[in-house]
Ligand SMILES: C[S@@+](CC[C@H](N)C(=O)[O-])C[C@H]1O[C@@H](n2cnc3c(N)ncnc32)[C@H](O)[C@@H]1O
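Only one chain comes next, encoded as structure tokens, the form predicted on its own.
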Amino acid sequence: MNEAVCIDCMEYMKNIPDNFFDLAVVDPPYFTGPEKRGYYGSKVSKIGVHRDYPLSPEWKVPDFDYFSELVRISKKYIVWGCNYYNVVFSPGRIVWDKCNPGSSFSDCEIAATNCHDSVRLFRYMWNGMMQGKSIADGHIQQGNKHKNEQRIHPTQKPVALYAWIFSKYAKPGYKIIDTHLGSGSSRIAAYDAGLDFVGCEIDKTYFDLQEQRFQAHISQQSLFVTGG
């Protein structure tokens, strides 16, 4: 199973049994106004990513109730942006080094996890048109920009990041949830890894964009298989 649902994740989670999902990998918003272009600059970036966020009025930073539900329905979790929330997480951390020194944005992003008690590091370049070559050579820029991932969301994370996460923290048969699907990178990585996956996205515009991206990906994968 691999599906996306256009729904408020709180509405979705309230009907899910305790510990139903093996792993939650989530990237919730950590401030209330991503539609305010002052944070990102112009309406459209130099590489064509729209930053005006045509988001639903329900958009909000998750509160304690959200995290309580997330922990209730999931055996393990990985929560990106943990440093922005006034919530006590387990001591484990995952650091994504974006290999983008000199950028006005953060050099890295931090996730809290109860998968381990230590700190793990993943290096993968992600700055505009500068993207990593592969999971193994993430610190090296992809030489062919035509192979870069299409950017459809201002806070998009690379498929490679989720592929690395699933290779480390998921097993065959695991059920995965992403409560804030966004660009759908987690969904694509879960599909490639053969994992059961559910993603929630409250905004119809971005839900449709990720659906188009996902369908394009599986169509391309089918061509590779049939063309063998």
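None of the values given here were measured: they were computed from a predicted structure. Start at 1 with the first residue shown and count on from there.
Quick note: we don't show the form predicted together with the named molecule, though the next part is all about it.
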item: Contact label in the predicted bound form: Lys157 to the named molecule, heavy atom within 4.5 Å; value: yes
item: Asp196, heavy atom within 4.5 angstroms of the named molecule in the predicted bound form; value: no
item: 4.5 Å heavy atom contact, Leu181 and the named molecule in the predicted bound form; value: yes
item: Contact of Phe166 with the named molecule in the predicted bound form (heavy atom, 4.5 Å); value: no
item: Proximity to the named molecule in the predicted bound form, single hit among Ile177, Ala189, Ile202, Ala170 (heavy atom within 4.5 Å); value: Ile202
item: The named molecule: the contacting residue among His153, Arg123, Arg120, Lys133 in the predicted bound form [heavy atom, 4.5 Å]; value: His153
item: Within 4.5 Å of the named molecule in the predicted bound form: residues from 2 to 25 (heavy atom criterion); value: Ile7, Asp8, Cys9
